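Form predicted alone, single chain, as structure tokens, below.
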Amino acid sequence: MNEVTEMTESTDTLCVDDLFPHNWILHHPMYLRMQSLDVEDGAQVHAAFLVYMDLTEVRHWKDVSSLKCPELQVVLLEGREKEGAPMQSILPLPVHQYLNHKSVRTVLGRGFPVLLCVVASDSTLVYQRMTDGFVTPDPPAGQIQDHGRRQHRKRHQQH
């Protein structure tokens, strides 16, 4: 009976903060690595870490790593969507950070397909695939039917 009491007492004194401190991100090895890249914008480093966590823990990407893009002073991520897939570059940006044509060209010039990931202040992530030039969209899936909602009108020709 004593053993049960001791276990209960030790469990009761265990605090959630001991298991998951509020600043756990600051101690994560990848966050520390990103900080060591000396990128000036702390918000962009934080955004890169959130994207890293989404890619590795939620989407299960492989070989995800971080590197500094000196021309843009940002942390870029590289990874594979699945084992054996081609490497992709991911550009994480906080929603307040501007992106110009030169920035896009710099990232596209690395030779990998690029995903832009915009990170909102509430940690919402929005991914957008970027390409060098226009890409024809895939046709809609399934059968398309006209339900009579369109009105067909003749054009009036002026003589």
Partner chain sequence: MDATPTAELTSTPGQHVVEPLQDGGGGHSTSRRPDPLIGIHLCGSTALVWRTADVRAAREAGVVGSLVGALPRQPRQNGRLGRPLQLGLEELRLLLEKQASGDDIESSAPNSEGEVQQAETECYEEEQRSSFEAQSILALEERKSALLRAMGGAKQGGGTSQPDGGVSGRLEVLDQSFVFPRSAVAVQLRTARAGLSHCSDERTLLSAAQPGSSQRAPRSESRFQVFRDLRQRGYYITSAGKFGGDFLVYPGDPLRFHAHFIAVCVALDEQLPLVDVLAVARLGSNVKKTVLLCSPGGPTAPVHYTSLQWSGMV
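Bear in mind that the values here come from a model prediction, so they are computed numbers and not experimental data. Positions refer to the first chain, counted from 1.
This protein has a second form, the form predicted in complex with its partner chain, left out of what is shown; the following refers to that one.
Listed stretches are 23-31, 40-48, 94-102, 62-70; the contact stretch with its partner chain in the predicted complex is 94-102, by a heavy atom cutoff of 4.5 Å. Although the partner is absent here, residue 53 sits far enough away that none of its heavy atoms falls within 4.5 Å of its partner chain in the predicted complex.
Contact annotation: residue 110 falls outside 4.5 Å of its partner chain in the predicted complex, judged by heavy atom distances. A residue is said to contact a partner when one of its heavy atoms sits within 4.5 Å of a partner heavy atom; residue 128 meets this definition for its partner chain in the predicted complex.
Mapping the unseen interface onto this chain, residue 132 counts among the residues with a heavy atom inside 4.5 Å of its partner chain in the predicted complex.
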